[in-house]
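In structure tokens, the next block holds one chain alone, the form predicted alone.
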Amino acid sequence: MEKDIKTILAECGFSFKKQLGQNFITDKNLLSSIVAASGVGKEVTVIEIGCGAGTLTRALSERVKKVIAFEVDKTLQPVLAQTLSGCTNAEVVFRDFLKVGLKEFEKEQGEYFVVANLPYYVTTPLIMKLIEESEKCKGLSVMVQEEVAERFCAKEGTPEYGAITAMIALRAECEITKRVPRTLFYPRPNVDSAVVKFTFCNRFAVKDKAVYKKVVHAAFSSRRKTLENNLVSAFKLTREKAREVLTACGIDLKARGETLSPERFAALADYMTTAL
């Protein structure tokens, strides 16, 4: 690929669409480091969501067995025809991945990893779709807004810790592998980014995922209220019953949701599954 991305975009008459959160990576060293940090090897299939101008797609194709890149903006077709020229193991699917039925998709698909520079506006729903619905996804390595990355990887007791943190923990361990300044994107966004790696594992099990989810969301439904008050509201418990549940689980009656680790949420959810 002899021409730089800016030249190709200009020649193809491409116009950035702000509503799609289009900020492309052009730095080759950054692209290489993102691929390396993902840990993907030569024999794996990678799903990329929001391939944009195809710079990360190309970098991935040079390292892995196959890349299936999803993109919603069909006006990028002529751009991708140039940037992915010669990448015989890269397939671009012009479709919204959020609207893809994962069960049907995974029937035709072996195990895979997700590596992507995610559009900011779809970050959380995409992550949760994969966390909650996928059966063959082995892990993710995604670029997201730095503030969101901090929430994904937060520890209990910190301001960043929330429902999304505890929900991710049910399926994966995550870590920030790289911080990326806004100056390395074209066009330049208003925020810095970070690459987060999600390693899918059996960190802990729960008896009923739906109850765990309800407990977690209840705990953070009003951060200023105690966990007791939030459980009373969400589960229609008497105050006496809520206190009985918390005491049985060894949780301080004045505790707030953000003080509980995912493991303690799991223990609380399991107790409620059997006791209520």
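Just so it is clear, the structure is predicted and the values come from calculations on it, not from any experiment. Numbers for residues come from their place in the sequence shown, where the first is 1.
Another form, the form predicted in complex with a small molecule, is not on view; read the next lines as being about it.
Novice: Within 4.5 angstroms, counting heavy atoms, which one of the listed stretches 88-96, 144-152, 129-137, 171-179 is next to the small molecule in the predicted bound form?
Specialist: Single hit among the candidates: 88-96.
Novice: Which residue among 230, 38, 61, 55 has a heavy atom within 4.5 angstroms of the small molecule in the predicted bound form?
Specialist: Of 230, 38, 61, 55, the residue with a heavy atom within 4.5 Å of the small molecule in the predicted bound form is 55.
Novice: Quick check on residue 72: any heavy atom within 4.5 Å of the small molecule in the predicted bound form?
Specialist: Answer yes; at least one heavy atom of residue 72 falls within 4.5 Å of the small molecule in the predicted bound form.
Novice: Would residue 83 count as a contact of the small molecule in the predicted bound form, using a 4.5 angstroms cut-off between non-hydrogen atoms?
Specialist: No, residue 83 sits far enough from the small molecule in the predicted bound form that none of its heavy atoms falls within 4.5 Å.
Novice: Would residue 21 count as touching the small molecule in the predicted bound form under a 4.5 Å heavy atom rule?
Specialist: Taking the distances in the predicted bound form, the answer for residue 21 is yes, it comes within 4.5 Å of the small molecule.
Novice: Is residue 118 one of the residues lying within 4.5 Å of the small molecule in the predicted bound form, judged by heavy atom distances?
Specialist: Yes, residue 118 is a contact residue.
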